[in-house]
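Just one chain follows, in the form predicted on its own, and it is written as structure tokens.
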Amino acid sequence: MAVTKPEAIVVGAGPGGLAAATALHRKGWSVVVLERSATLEPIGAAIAIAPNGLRALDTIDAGTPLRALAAIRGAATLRRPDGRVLAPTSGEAFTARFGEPMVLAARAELMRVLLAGLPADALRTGTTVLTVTPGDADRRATVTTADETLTADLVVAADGIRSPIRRVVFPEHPGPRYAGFTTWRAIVPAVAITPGETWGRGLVFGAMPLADGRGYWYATANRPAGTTHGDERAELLRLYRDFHAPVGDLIAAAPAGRILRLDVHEMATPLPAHHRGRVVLIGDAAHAMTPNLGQGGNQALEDAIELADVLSGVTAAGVVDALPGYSRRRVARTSAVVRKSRRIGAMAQWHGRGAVAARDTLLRVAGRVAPDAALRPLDSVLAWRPPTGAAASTRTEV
């Protein structure tokens, strides 16, 4: 007799949603992914995959192809706008400390690898979810789109920082707040890049190489939310005009229409849980954070693997009883990462002349006394390991 598979609907086809869908599929679930965009054009120029993210991907056989993209080798530095070094580190030192490299991948490449782990008919694009009913122990969850109403034993809300599903299941929560700064990102043609960041007065500029020879850069600046310019590249050239070479050249090399701008928001007030009924939240929908630790996507990958592990061997009837275990695993950890990222971000965005001078002095001294000082804040963040049994393959049907 065939065993009926439990059914899951994943809302959102970003890295977290696709990883969750793949992990559940490998645990024997029937999975459908609903994505409102008509096509999976990659939103976001590149994504940093840290050791914890690589370990998560390993459980769904997606880590190895991405390790081949590791391109951050040799010296990496934190600098002042005039080019003087504040703190040195290196790709080799990072790998030696954490056991894995930091992989910077074009987002399109990560999406390609994740999609390869799903059945061809699992993804439905051009599908906007209008509302969700969480269900309970006796009723399946309901997902209503513009075209139909679906039911499932589990709904995974991977629908981003402005998650409509979060607003439905936690209507009392204030949601994310503006972190006080804006980011810009771009991928540029082949250039020679020394990996690192430059911290100025309320300004940060970082650049990293990609494995295919292209370069990726990102910039942040303090400003009121919603501040835009008709020509964002021209505005960036103005903001960073006094930064050392090749900052200006990197900005100028980005096609004007391919510079991505985003006001940064964070979940300053943690959710009381990451589930309600048969609905579970992952990634930015649950714990949006500033980009300063590069952990937004990596925490979403952790979420996906932890969720699949919690639900491993669980029948459709047992989902509601199992999901509190997911919240116990994830709420405290992700809240701590949000706070740590906020603290690092606050220091990077200091603007006052005296505060910046004191910060730079502290960083220079720490870099001389303890060369690995820049890596220490990452110890607890990158220490995550997949739960035992997380890599179990799809169950055999009988």
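Note that the structure is predicted; figures quoted are calculated from it, not measured. Throughout, we count residues from 1 along the sequence that is shown.
Keep in mind that the form predicted together with a small molecule is missing from the display, and what follows is about it.
A heavy atom within 4.5 Å of the small molecule in the model of the complex is found for exactly one of A93, A116, A211, L262: L262.
A heavy atom within 4.5 Å of the small molecule in the model of the complex is found for exactly one of G325, P164, G313, P246: P164. Residue heavy atoms within 4.5 Å of the small molecule in the model of the complex occur in exactly one stretch of 235-243, 199-207, 77-85, 156-164, and that stretch is 156-164.
A residue is said to contact a partner when one of its heavy atoms sits within 4.5 Å of a partner heavy atom; T127 meets this definition for the small molecule in the model of the complex. Not displayed here, the small molecule is kept clear of R67 by more than 4.5 Å at the level of heavy atoms in the model of the complex.
The small molecule is not shown here, but in the model of the complex it comes within 4.5 Å of a heavy atom of I282. Remark: T151 does not count among the residues lining the small molecule in the model of the complex, judged by a heavy atom distance of 4.5 Å or less.
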